[in-house]
Each structure stands twice: as C-alpha cells, then as structure tokens.
Ligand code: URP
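Form predicted alone, single chain, as structure tokens, below.
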Amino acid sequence: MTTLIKNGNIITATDNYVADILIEGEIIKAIGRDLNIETYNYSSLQIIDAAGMLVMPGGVDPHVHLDMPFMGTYSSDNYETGTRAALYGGTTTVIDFILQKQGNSLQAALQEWKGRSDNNCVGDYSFHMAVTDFNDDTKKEIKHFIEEEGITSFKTFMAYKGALMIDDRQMIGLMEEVKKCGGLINVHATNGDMIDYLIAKHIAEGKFSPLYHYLSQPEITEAEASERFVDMASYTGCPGYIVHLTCEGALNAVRNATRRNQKMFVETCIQYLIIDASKYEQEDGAKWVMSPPLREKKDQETLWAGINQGLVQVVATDHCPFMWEQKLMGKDDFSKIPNGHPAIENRMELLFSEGVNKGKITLNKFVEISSTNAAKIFGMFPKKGTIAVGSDADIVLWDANEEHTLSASTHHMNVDYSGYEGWQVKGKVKKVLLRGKLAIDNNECKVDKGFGKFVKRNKVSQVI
C-alpha cells in the first residue's frame, strides 16, 4: 500500500511546517512540499487530505498494564481491547510490564506474558521486565534479554513487600549487571515499609475509606524512595528512570541530583497533572485508587514546571483498569481496592487540551513528552517517535479545534466507568496510521487483533 498525506501541518519534537508525506508500505518514503508522485509510478495510491490538520507522530505510552494479575483479579483491558483503545486515542505503541514471580525465572515470566499478548495486539507493543527476585540465576538472564529478546529495561519495586519489592542489596546488584549489559532500570519509588506501617495503623483505627489509601502514602514515602534510588543509580552509574512520579518532594530529589551532573529520566502520568486528592473524599473515591495516589494542586504546578524545565521527560498513563465491581472488592477496606486507573485512550487528548490549549506547553513539547522522548529513552527512535524518512509511518491526524466530551459511554477501553466522565476537551484524533495502514478513521477501527507487532528495542543510550 502506498499513501500520500497532503497539505498537513507536520509537528515533531523540533519542527513545525506544512508538507506532504509519502508512505511506501510501512515506512515513510519522502517528505516535501507538493510532492510529484508521478515520478514514483505507482499503480494505486491512497490520498489523504490533511489540510487544516495537525500531523504528528503516533504516541508512545511506556507504562501500561494489560491483562495483569493483581490482588486476586486481572486488569480489565486485555491486549486486544487495550491496544485498540490506545489507537483510538492516538497512541500507536505501548510498553507493558512483565512481572517475574518470586522463585521463577525471567524467561518463565516472558513466556507467561507472551501467552496473553501474542497475536492479540491491535497496536504495536513492547515489554519491560519487572525483576522481583534478583539472584545468581536471574543475573545470568539479563544479557540475553537485552541482546536477544530486545527487552532492555528492567523494573524494580521499592514497595509491595512480600510480592514485588526488592531490597537495596538486590537493587545494587541488578543495577551493576544492567549497566554492564547496556540496559536501564525503571523504578516504582515509594517506601514500602512505611506505607505498610501506615496501612496497618489506619485499619487498626477503623479507618477504611479510600481517603486512607491516600493518607497511607504521604509525599515523604515517595520523596525518600526517589532520593534513595537516585543515589544508588549515581553510585553504580546505571541509567535510571522513575515511573509515575507524582510530587514536589520526589522531583526535588531529581533536581538535587543535577547538581552533581547526574542524568535521571522521569515519567509522570496524565492523571497527576490534572486531577488531585480531593477525589478520595467523594463517594466513588475508589475509582482513583492507584499507587502512588493523586496528590495536591501544588504538585501539579511542580510537574508542569518540571516538564518545561526538562526534568520530566515523559507523560504516560500507568493504565491499569478494573471494572467497578472489581473496585468494590475494597468497599469495606481501602487496602483491598485493586490499584489502577483507566487512561490509555484519554492521555493524548487530555494532554493536548489541558497542556497546549491552556498555554502550559508548546506543540513541540507535546510531541516530545507524549511520543519522542519515550521512543528515545527506550531504544525505539527513530523507528518510532518521529516523522522522518525511514521511520515507521505511525502518524496521527489531529483536529486541534474539535470539542468533545469524555465518557464511559463512548470510550473504547474495557471498563465501565471513566476517571474523566463529562470532561470537556478541545482537540481530537481523527485518523491514525500504524506502519502505513489506516488504523483509525473517524472513530472506526480498520485493523484487527494480531496486526500489532512486538518491537525489539536497542540498548539504552543517554540521548536526551
């Protein structure tokens, strides 16, 4: 299939110009003004007129949890529904997390996750490997995953003791091996021991509402763990990436590290930029129970500033949806509410509406934090994350002026409520191309499950 996108206003992380884009198969073949397609001698050609549209690279969401086992249930979006919903929202590539079971190998975890993902994805995808049991056997697997499997990032948890958490001794050992092999460490940076103490304290006092989920994870639990992780990464020299950073204290730990010329990658999520902890005082507060929890208005201001200061490089989702019935597992005890929030479809439209339209970020910054930086950090650039000759033709056509309302009645995520019900947004995805194929066309999906491909990633390099 050959496609010509004409007259679009092309926006990348660095550029803003009007041009045509010629796509041959899955790849961008040429970019220029008034391309003379007759010289290419194509027998058939699909022409898309993008006049008046923004033309941007497909989004990259490096933090999702699809079909994930958690607290005795599974997240409600599987690889088919989740990657399809991502496409509707302009995200063409996601990176999910494989969770190693303690006592098992990394390879066993990969096979378990492949059993759910293979031939089921509508959009493109890759994996991080969450290491929950670092030992001599696990250590031997790191090089294979980076060099053979194309999985170059390894997640660690500083919380969820007894299930996912590793201690600082394991963290240092893993960092040293990952650095040697050319990978990167992702971290869930919250102080698990302190959180467990506060959860037990609140329950003993008969405090069971969702508000106490928030009060069991005060800012200090995230700030302390972030600082500890940053220091360990500095000591080992291992590239580090803090996932879902939410608050001023945690970002200050990163800011302080720049004084010793340390580079630390930081991700926040769309929810932490635009909604706050007052949600936990509502009757349906369980909808927003996630870890870390929503924070305060002052933290939102810090995160927007951090984006423009270059301290926060990525806006992701931590998409981990549960049906309302699943959330009600904790109706009498906040500690039993499955943690997670649906946002995979809403991320880019909310970020555009709340960020670009309200003057908090530029169009170029929007592309940078929703696509390009994640592609660079996680070894997919320039295949993903930009519009350039030779790149995958992952392209979003965007109407910057169309206003619409977010609702569970119209979204495509497999969850029966929306964390943004009734939210008015300006800016809408109109068409999405994935590897040259028209995947979304005016709210209709044109590709089936199995179209999505696994993306093998390159070794990590300090590129931004």
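Here the structure is a predicted model, which means the values were calculated and not measured. Note that residue numbering follows the sequence shown and begins at 1.
Another form exists, predicted together with the named molecule; not displayed. Remarks below refer to it.
- Heavy atoms within 4.5 Å of the named molecule in the predicted complex map, among the stretches 222-230, 332-340, 136-144, 295-303, onto 332-340 alone.
- By the 4.5 Å heavy atom rule, the three marked residues M56, V396 and K430 all fail to count as contacting the named molecule in the predicted complex.
- For the candidate set K365, H244, K360, K179, a heavy atom within 4.5 Å of the named molecule in the predicted complex is found for exactly one residue, namely H244.
- The listed set K287, K383, K155, H202 contains one residue whose heavy atoms approach the named molecule in the predicted complex to within 4.5 Å, identified as K155.
- Heavy atoms of A85 never reach within 4.5 Å of the named molecule in the predicted complex, leaving it off the interface.
- Proximity of W324 to the named molecule in the predicted complex falls outside the 4.5 Å heavy atom cutoff.
- When the named molecule is considered in the predicted complex, M129 lies well away from it, no heavy atom lying within 4.5 Å.
- The named molecule in the predicted complex is approached by C320, whose closest heavy atom lies within 4.5 angstroms of it.
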